[in-house]
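Single chain ahead, written as structure tokens, the form predicted alone.
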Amino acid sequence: MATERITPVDLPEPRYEYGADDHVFVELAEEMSFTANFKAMAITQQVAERDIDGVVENCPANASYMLRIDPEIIHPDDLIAELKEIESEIDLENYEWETRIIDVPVLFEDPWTHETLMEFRERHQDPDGTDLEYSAELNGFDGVESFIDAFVGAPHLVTMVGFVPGLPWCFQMVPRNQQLEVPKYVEPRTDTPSRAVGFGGAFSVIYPVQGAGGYQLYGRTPIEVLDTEQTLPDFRDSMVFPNPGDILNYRRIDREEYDAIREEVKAGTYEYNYGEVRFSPEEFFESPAEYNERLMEVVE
């Protein structure tokens, strides 16, 4: 298992589309894969580095990306021509980028998400169990504890941020045959606690604010991913902390640590535990388990 590698996939030709008058959308693949996501990040990083005049926003996604432009400054066709040039120059095997390994403490089976998931049981595939029990059984684990072990056993890559402001979508950094997968609720909930850690399809998420949701609920983190007032030290440059390309290390904590961290957050003194690394897709593909272990050393 430890020596299993990830084989990069062959991607189709990108599909370039206009989005009204002021957006360009590029689909790199219909299916999520590390190759497609890494390519989306590499291209959008190069767009940012070139500081192309007329590009207003730059948004990588799971297997695509979208740019908002000022059409008075740059014509979409001119931008598409430059994007094709960037795409042709990128060699993922030799491409690397600076990223962050971020410690994310999680109180699994917490009282708040448990109350919510039990309130909406009639909308779930398994009305008699919990979301963790359902996920464990569906993925062939002998119980909740072993399922959580697998969930926190490898880091999760932030593949995109969106759907609601500040919500990180994360894909676990393991070979496809080890990916955990669960469907969303049969019918979405009308309520989800803020900072709930959820899972749907093959993506983990952290709900930045209270609201509707359909992902399975596993726990709650005491830390914020969205700070609209930018009062916490790590939010001084942006109201959103996780960025595409960041790597989250979900870590089990108990109620005592959860409460202690919340006190720091409420006091405005909490600072994320994270370290910076240079990420190599080639080294990750070659030996994901060993490479993940090396990455995690910066937050231990």
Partner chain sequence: MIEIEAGGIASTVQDLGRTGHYHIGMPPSGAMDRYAHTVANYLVGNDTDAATVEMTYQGITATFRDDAVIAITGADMSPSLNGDPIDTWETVAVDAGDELELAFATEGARAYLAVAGGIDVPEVMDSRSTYTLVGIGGHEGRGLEEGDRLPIGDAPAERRELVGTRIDDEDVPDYANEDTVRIVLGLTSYRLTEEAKETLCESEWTVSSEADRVGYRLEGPDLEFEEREQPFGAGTDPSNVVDLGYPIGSIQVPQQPIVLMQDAVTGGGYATVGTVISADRGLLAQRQTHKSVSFESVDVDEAIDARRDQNARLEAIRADIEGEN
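Numbering follows the first chain given and starts at 1. Keep in mind that what you see is a predicted model, and the values were worked out from it rather than measured.
Missing here is the form predicted together with its partner chain; even so, the following discussion is about that form.
Colleague: Since exactly one of V209, V152, I86, L92 fits, which has a heavy atom within 4.5 Å of its partner chain in the model of the complex?
Modeller: If I apply the 4.5 Å criterion carefully, the residue I get is V209.
Colleague: State the residue from F120, F147, F108, W169 whose non-hydrogen atoms include one within 4.5 Å of its partner chain in the model of the complex.
Modeller: Selected option: W169.
Colleague: Does its partner chain, in the model of the complex, lie within 4.5 angstroms of each residue among G245, R294 and E300, using heavy atoms as the measure?
Modeller: Judged in the model of the complex, none of G245, R294 and E300 sits within 4.5 Å of its partner chain.
Colleague: So, T228 and its partner chain: in the model of the complex, are they within 4.5 Å at any heavy atom pair?
Modeller: Contact with its partner chain, yes.
Colleague: Heavy atoms within 4.5 Å of its partner chain in the model of the complex: does R68 have any?
Modeller: Output for R68 is yes: heavy atoms within 4.5 Å of its partner chain.
Colleague: Do S194 and its partner chain share at least one heavy atom pair within 4.5 Å in the model of the complex?
Modeller: No, no contact at 4.5 Å.
Colleague: If you check in the model of the complex, is V47 within 4.5 Å of its partner chain, heavy atoms only?
Modeller: No, V47 sits far enough from its partner chain in the model of the complex that none of its heavy atoms falls within 4.5 Å.
Colleague: If we check its partner chain in the model of the complex, which of the residues in 191-223 reach within 4.5 angstroms of it by a non-hydrogen atom?
Modeller: Stretch hits, in order: G201, A202, F203, V209, Y215.
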